[in-house]
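One chain is shown next in structure tokens, namely the form predicted on its own.
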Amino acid sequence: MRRPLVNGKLTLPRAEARPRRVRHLRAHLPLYLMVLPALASVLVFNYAPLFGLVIAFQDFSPFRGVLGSDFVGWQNFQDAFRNPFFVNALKNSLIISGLKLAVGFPAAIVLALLLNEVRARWIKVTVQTATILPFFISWVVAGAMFRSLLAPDGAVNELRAGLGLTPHAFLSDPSAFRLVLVLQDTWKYAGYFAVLYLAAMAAIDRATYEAAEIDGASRWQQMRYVTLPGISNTMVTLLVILIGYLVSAGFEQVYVMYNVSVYSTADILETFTLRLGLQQSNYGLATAVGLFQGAISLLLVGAANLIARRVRGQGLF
């Protein structure tokens, strides 16, 4: 009997396909059993805690628990949007994250392009190692380093004094604190992202560079017309991911660096949520803010991916 074609492919009747699946399952049963622990850990530690999001819609009390707390609907979200500290934290999160993206994203690309042009291998390895090392330093250690460097009697102010400038309290100045966060974030992550771009550059066919040289292209033209288009997919992928963090300004970094004097420009959604949850025991409101933050991040990633697909015909998913 002739078998039906679906989208040009030969299909099997259900009665024939089912035994084939059973045979496949039996043949690969040990592999499926090996996957089960990892699958179970993802379900337990990644998806099961999502049940706790119901607290965002409750007047939650630890003594009554999730099942015993009163359901209040959208009241926690309305309270959050009316809270002036929430509005200030949202504004600070967007500004700090936007500045980090505007400075850090191109900085990593420029660093990778410069490293790719270095022909002395020992210089390239030395610079690459020095720039990626900050990525492995915890924010606690990085915060202590920058606090020491930027202290009123720190190295930076001593250098300013040597140049005839007056000392400046960078960590207590609300207008300078955001700049400190942006430069610190760029220092920590530029080397890491540069390695990703260098890996993408290594995949570019060398024959393309040879053809460009034969056509008389200079190093700058090779960088512009060969290297940058060759890493464009990596750039778009990382940009879509980073846009999803626009409402997440980096809790660990801000928490170890900020103080009361810079709350007006450094208080972000994560630190606002921490104060609500752990210091004021307002768990419902804190969960509502966290859920709002996650939903906005999801929408940003979806919108950025949609724009990338329409502009380039290729997105992250």
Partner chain sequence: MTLRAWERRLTPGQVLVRVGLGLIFLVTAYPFVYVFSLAVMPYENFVRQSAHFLPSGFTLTYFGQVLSDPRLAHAFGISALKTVVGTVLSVVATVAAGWALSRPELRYGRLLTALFIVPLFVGGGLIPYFLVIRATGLLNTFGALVVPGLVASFNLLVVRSYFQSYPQAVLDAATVDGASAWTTFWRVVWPTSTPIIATVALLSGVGHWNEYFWPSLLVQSDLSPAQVVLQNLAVGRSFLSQINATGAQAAPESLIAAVAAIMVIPVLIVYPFLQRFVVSGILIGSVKE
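Residue numbers count along the first chain shown, from 1. Small disclaimer: the values here were computed from a predicted structure and weren't measured.
If you look for the form predicted in complex with its partner chain, you will not find it shown, but the lines that follow are about it.
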Its partner chain in the model of the complex: contacting segment from 165-173, 67-75, 89-97, 108-116, heavy atom within 4.5 Å:
108-116
Considering only heavy atoms, tell me if residue 277 and its partner chain come within 4.5 Å of each other in the model of the complex.
yes
Going by a heavy atom distance of 4.5 Å, is residue 263 a contact of its partner chain in the model of the complex?
no
Tell me, yes or no, whether residue 148 is in contact with its partner chain in the model of the complex, where a contact means a heavy atom of each within 4.5 Å.
yes
Just checking whether residue 79 would be counted as a contact of its partner chain in the model of the complex - the rule being heavy atoms within 4.5 angstroms.
no
One residue of 120, 207, 102, 214 in contact with its partner chain, assessed in the model of the complex (non-hydrogen atom, 4.5 angstroms):
120
Using heavy atoms only and a 4.5 Å cut-off, determine which of 179, 226, 133, 239 is in contact with its partner chain in the model of the complex.
133
Given a 4.5 Å distance limit between heavy atoms, list every residue of 24-38 close to its partner chain in the model of the complex, or none if there are none.
24, 28, 30, 31, 32, 33, 34, 35, 37, 38
